[in-house]
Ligand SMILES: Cc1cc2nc3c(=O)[nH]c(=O)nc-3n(C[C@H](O)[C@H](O)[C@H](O)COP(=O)(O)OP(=O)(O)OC[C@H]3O[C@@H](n4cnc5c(N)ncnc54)[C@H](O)[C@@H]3O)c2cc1C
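The form predicted alone is given below as one chain in structure tokens.
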């Protein structure tokens, strides 16, 4: 089997899948490597929400707008289903201070063309009829938010890339790199060596460990996020519901247990999330965290307390210390492109993946991504978690 191609993409999540998809569409030969299987990381443990007002205006919002168009195109040309629904979404507030900050936040989104407002009392119930407004005092509503199917999209990118000629290697762990003259010459794995002109790293939470093999220390850390899913029921949750602290920037460091949920096309409701810090990629489930999530859901939706929880799972999710993605070419290894730590990746992955493919092929460059450059972590410094 030919193990020499134009581009190697390490990581078969939604970001790596999107990049491989667009590189393949441009006629390039691509190998995709994953240490487990496609969508087995954070992309497979996702709540499936489209998030807008928890990100700063700029290129990420442009990516979000373009991605919504691209999702529709994938379905129109019958490449894969996305289950995209722009239902509107809400962020929950619990006191007047949060509502006040929320008003300031949504003002800037309205000024750049989004349709946002603060909902109080019965207005919240017009969006989510079953929510308990004795607990929830207000909500930030964004019309352009919604939900999608994370598995269908991730596997859609990967499957389409493979159908067009890419090669996918599951259970293929990168062990090391061979480097010469600041270029990666060889990607060494448990299934032998692979060769390419360009190498893409889209490994999410595993990026810091992988880059340490190149004597680089990217400040990207991770936690374990747990969610649970109900049995299928009639439609009762309209759009994605998230904690307001994401919107107003008051999320605290460390472990947290906050309510966020989405009802999907098949009727199931995913409820999350319990997030805990770990240093060993532990995917275990916290009994205490699960019980607390169930309690939060019951308090917020007392009319839905008889729903059955049929499964609980966890995923390892990345976060970058400065809250910016790591996206672009390495300043040290000239044929290495990194795309990791993209917050709410499903909202922006199609457009970000398409731009990454263009950048890798040197077809385009947008100066707005300069602040995302991996070079900011390549100054010879070492970082502590």
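These numbers were taken from a predicted model, which means no experiment stands behind them. Residue numbers count along the first chain shown, from 1.
Although it is not shown, the form predicted in complex with the ligand is what the next lines describe.
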TODO: Look at the stretches 312 to 320, 326 to 334, 23 to 31, 352 to 360 and give the one with heavy atoms within 4.5 Å of the ligand in the model of the complex.
DONE: 312 to 320
Task: Residues 102, 244 and 263 all lining the ligand in the model of the complex, heavy atom within 4.5 Å - done: no
Open item on the list: Within 4.5 Å, heavy atoms only: does residue 295 come near the ligand in the model of the complex?
Closed with: no
TODO: Give a yes or no for residue 273: in the model of the complex, does one of its heavy atoms lie within 4.5 Å of a heavy atom belonging to the ligand?
DONE: yes
Task: Distance check, residue 206 to the ligand in the model of the complex, heavy atom within 4.5 Å - done: yes
- [ ] Please check if residue 52 has a heavy atom lying within 4.5 Å of any heavy atom of the ligand in the model of the complex.
- [x] no
TODO: Can you tell me which bits of 12 to 45 touch the ligand in the model of the complex, meaning any heavy atom within 4.5 Å?
DONE: 12, 13, 14, 15, 16, 33, 34, 35, 36, 37, 40, 41, 42, 43, 45
